[in-house]
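Just the one chain here, laid out as structure tokens, in the form predicted alone.
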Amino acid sequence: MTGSNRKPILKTGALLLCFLLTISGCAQAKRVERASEVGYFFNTIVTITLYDADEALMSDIWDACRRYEKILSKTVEDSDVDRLNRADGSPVTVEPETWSILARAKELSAKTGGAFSVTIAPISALWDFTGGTKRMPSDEERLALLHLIDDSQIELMDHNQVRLPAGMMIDLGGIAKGYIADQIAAMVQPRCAGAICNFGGNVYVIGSKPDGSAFRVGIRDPQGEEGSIKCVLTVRDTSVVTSGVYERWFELDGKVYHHILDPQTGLPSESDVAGATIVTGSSMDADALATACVVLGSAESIKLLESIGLPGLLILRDGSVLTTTDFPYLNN
């Protein structure tokens, strides 16, 4: 999560989730105010669209994004994550939000059998999926760090203190965006008639479109061209979170390496799941669980999601689509 900038939206660019928004009723007498802006936070494009909102809401959203980035980004100097990663085994006092995120991360790591892990950071730092160097760790480097991937070793103490064992580091990229989306949604809900808060792969919709209809969210086709849609979900007042092997990757010697690492090996997951989408009111939980599903594979993922009662949709590497029982959101 690095840097921030915002400007009025003219073009949203390539987003993991593509919106198919059809606004009708333009000829109606009642005019619905619409404001849309785009910024760059948390290493992703953030797009906020508000309907009939109070005039200060958009500014308040960006202020909140800037604050969360300063606290939760591992690349911002003196953030909570940066201080924890440099503490060399000493306790660090963090913001209450950071403590709460880590507490939930530990729970979700245990629930997924370690398929989701914020302590993957020492190994993920050795990969370069976006800088153009195609850097990957040697087997020796990777195997030497595997013992540090263990979320259960994060020690959460009183008074918002956290201690990591010496050498361990964390990266909240797989859960923090979901937490932030939840907090922004809670801020937005009482102050507008409808909203779309898109944090890359984390989308939260509030209320409805101006004509009263539900929002439609397009899920990208992992095997298709950028922007191609595999299926469409119809949703209200919930989050839609997708994780996929197409987000960040490079090709080296004829093999594709993607950014979703298996915590057991430190290598890109080789499961049959190319993309996982979860629909739930907790974007934070969905953020972590969608990543875990790509690691676990389809059979274990469906079993996990149904055991905790979360609706999920999986797009497999062969192009087929699986959903949990009675998945109610599929539009086509």
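Position 1 is the first residue in the sequence shown; the rest follow in order. A quick note: this is a predicted structure, and the numbers were derived from the prediction, not measured.
A second form of this protein, the form predicted in complex with a small molecule, is not displayed here; the remarks below concern that form.
J.: 203 to 211, 166 to 174, 189 to 197, 90 to 98: which one contacts the small molecule in the predicted bound form at 4.5 Å, heavy atom to heavy atom?
T.: Of the options, only 166 to 174 has residues within 4.5 Å of the partner.
J.: Report the residue, out of Ala181, Val240, Ile260, Val81, that has at least one non-hydrogen atom within 4.5 angstroms of the small molecule in the predicted bound form.
T.: So the residue touching the small molecule in the predicted bound form, by this definition, is Ile260.
J.: Which of Thr291, Ser301, Ser283, Thr277 has a heavy atom within 4.5 Å of the small molecule in the predicted bound form?
T.: Contact check passes for Thr291.
J.: Closest heavy atom of Val295 to the small molecule in the predicted bound form, within 4.5 Å or not?
T.: Yes, Val295 is a contact residue.
J.: Is Lys230 one of the residues lying within 4.5 Å of the small molecule in the predicted bound form, judged by heavy atom distances?
T.: No, Lys230 is distant from the partner.
J.: Look up in the predicted bound form whether Lys106 has a non-hydrogen atom within 4.5 angstroms of the small molecule, and give yes or no.
T.: Contact with the small molecule, no.
J.: Taking the shortest heavy atom distance, is Ala115 within 4.5 Å of the small molecule in the predicted bound form?
T.: Yes, contact at 4.5 Å.
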